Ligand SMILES: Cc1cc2nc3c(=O)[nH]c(=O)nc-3n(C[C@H](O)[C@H](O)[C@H](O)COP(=O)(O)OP(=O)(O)OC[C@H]3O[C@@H](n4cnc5c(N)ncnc54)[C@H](O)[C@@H]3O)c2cc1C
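Presented below, as structure tokens, is a lone chain in the form predicted alone.
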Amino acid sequence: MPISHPTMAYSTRGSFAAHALRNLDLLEFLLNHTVLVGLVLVGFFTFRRMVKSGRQTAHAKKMIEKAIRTQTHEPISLHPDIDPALCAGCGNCTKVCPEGDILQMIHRKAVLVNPAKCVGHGECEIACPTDAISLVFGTKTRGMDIPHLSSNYETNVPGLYIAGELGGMGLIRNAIKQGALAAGHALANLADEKAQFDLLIVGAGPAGLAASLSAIAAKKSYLCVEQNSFGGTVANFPRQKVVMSQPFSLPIVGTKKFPSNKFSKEELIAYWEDTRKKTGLKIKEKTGFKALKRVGKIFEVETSQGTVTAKKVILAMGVRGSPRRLGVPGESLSKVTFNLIDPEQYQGQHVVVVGGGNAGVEAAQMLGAAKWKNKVHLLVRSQSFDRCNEDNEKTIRAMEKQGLVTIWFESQVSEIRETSIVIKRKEEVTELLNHFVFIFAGAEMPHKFLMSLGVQIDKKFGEGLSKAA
């Protein structure tokens, strides 16, 4: 049996006692100097916060300077307007934007630092806990023409609604939300007069789909007409185009999520087709919308398949049918197109893509894939990629380094010829061998057509939609 050494036991007890005394001394010091300790901790965390804020401010100011230098400091679509008096400086809005560095913090206040790349997702507005953010059109110095719409998406013509891209607000999730809201408001206030349909929807894209499902859910009669195929604008996206979106919610079927919020055109159309079968959704395809007029409290709507009557009408046909033209000689040649569906059709060709936005950059990426062996030139009017997202910019710049694409900044088309194209960059004029030209210069809003229907066009200077009466 081991024998404890008395000296060792005493030493051990002594060390424990000394350690306990030191702890008591530290505790007594902390208790006697609570205020001092608190001030030290507050000072430490305040200093850390100031350092972080300083770094954020410096980074944000550099982005603003770059935007001014590259003339991309003006927003081109729906964008956030921040009230600094209400901003709490939490930074939530800077973290949720799918497009990247659009909002940043300057002296603990949110600021729009990359205006031209904002596409109006609205995630920042949703994430703000103090309602400091509102989505607006135009700025105080630069107006934006859009149809006169209430917050329920009703135009100045009673009973006529506009949802989606036609109203100046793109993006799939936004269009779905607007289509559902417009239909909900329209179907809640129906006239007593007889008509063939309670609701007529023009366009079977995301907004038209949501509006049609809303009518089914409300058990109201409806007719959805589409001049092309089910899917609308999305059906005309390039094959296997990757669409960026947050989860969206459709009437009847509920919320749909995709892995990493990324999905291809084919996946989206397949989901919509499945929804169509499950809900009994009916679309009248290959039927164009021509005109309408209000007769009493109902509408007479002229289509390519005849005239029908409806109590309410929602225009959800987008603007892809009105591509913006360059206005240069040769633009009417058959080799010029304003859309790309299947890049596999173009192999071993000399191709020019016009447009520095997402559509143009993505088309250049697809046509420039090594397997197609094309010679691709991408023409960008400005000094930088001011209208495409960060992922697209990184990809196209990487492709340029690999020799798959040639990027021409500050360039424009002077003339399109049978076998060539004339490009002007600053004062330099170059003629290139060319087989196909793809133009992605945006779309013209059909304001004249809308005005012919009686819709008022407003010029917005940093304003949102009109409040519903």
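Keep in mind the model is a prediction, meaning the values are calculated, not measured. Residue positions are given as counts along the sequence shown, with the first one as 1.
Quick note: we don't show the form predicted in complex with the named molecule, though the next part is all about it.
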Contact segment among 287-295, 305-313, 364-372, 140-148, judged by heavy atoms lying within 4.5 Å of the named molecule in the predicted complex: 287-295
4.5 Å heavy atom contact, residue 115 and the named molecule in the predicted complex: no
Interface membership of residue 232, the named molecule in the predicted complex, 4.5 Å heavy atom rule: yes
Contact flag, residue 177 vs the named molecule in the predicted complex, heavy atom cut 4.5 Å: no
Touches the named molecule in the predicted complex: residue 237 (any heavy atom, 4.5 Å): yes
One residue of 187, 301, 106, 225 in contact with the named molecule, assessed in the predicted complex (non-hydrogen atom, 4.5 angstroms): 225
Single option in 243, 333, 217, 326 placed near the named molecule in the predicted complex, where near means a heavy atom within 4.5 Å: 243
Those residues of 185-212 which, in the predicted complex, come within 4.5 Å of the named molecule by heavy atom: 202, 203, 204, 205, 206, 207, 208
